[in-house]
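Starting off, we have a lone chain in the form predicted on its own, written out as structure tokens.
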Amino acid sequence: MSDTLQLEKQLCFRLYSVNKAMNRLYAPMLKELGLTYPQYLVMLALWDKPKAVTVKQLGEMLDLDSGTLSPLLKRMEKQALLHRSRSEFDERSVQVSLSAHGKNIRSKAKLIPAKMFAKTGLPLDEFLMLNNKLDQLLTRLSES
């Protein structure tokens, strides 16, 4: 009888290990931009938006609560990557927008996805299939 409580049989541990390995590969590339991995995710979300977004919207995009996101955004504002301001329509709402510096580093970051894809060693069809399977898993887990 197989023991299902072995570490190497846990899907959660495989995903955790893959996440750590990916972060290690991202680190040197992001260091050149002066970004940590969580900051890179914020930048990806903001580069995709032509206008300012609220902290709440950004939190929803990144699946982060405001207690985690707010200190991250404060550090990024000190690095001149973004601006935070109160909404003129609702003082309780904080708007986040890219600074000129934040917009400019986008061009330096453009090569990161291709470099990371190359590091996976996967053919494109397998890479796309893996992404699709992970999306399906995330959807199923979110519905639980």
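What you are looking at is a predicted structure, and each value in this text was computed from that prediction instead of being measured. Note that residue numbering follows the sequence shown and begins at 1.
From this point on, the text means the form predicted together with another copy of the chain, which you will not see here.
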{"property": "Residue contact check: L124 to another copy of the chain in the model of the complex, 4.5 Å heavy atom", "result": "no"}
{"property": "Distance check, D63 to another copy of the chain in the model of the complex, heavy atom within 4.5 Å", "result": "yes"}
{"property": "In the model of the complex, R75 touching another copy of the chain (heavy atom, 4.5 Å)", "result": "no"}
{"property": "Touches another copy of the chain in the model of the complex: L44 (any heavy atom, 4.5 Å)", "result": "yes"}
{"property": "Listed residue (K31, K56, R86, R106) with a non-hydrogen atom within 4.5 angstroms of another copy of the chain in the model of the complex", "result": "R106"}
{"property": "Contact set, 106-144 vs another copy of the chain in the model of the complex - heavy atom within 4.5 angstroms", "result": "R106, A109, K110, P113, K119, T120, G121, L122, E126, F127, L130, N131, K133, L134, D135, Q136, L137, L138, R140, L141, S144"}
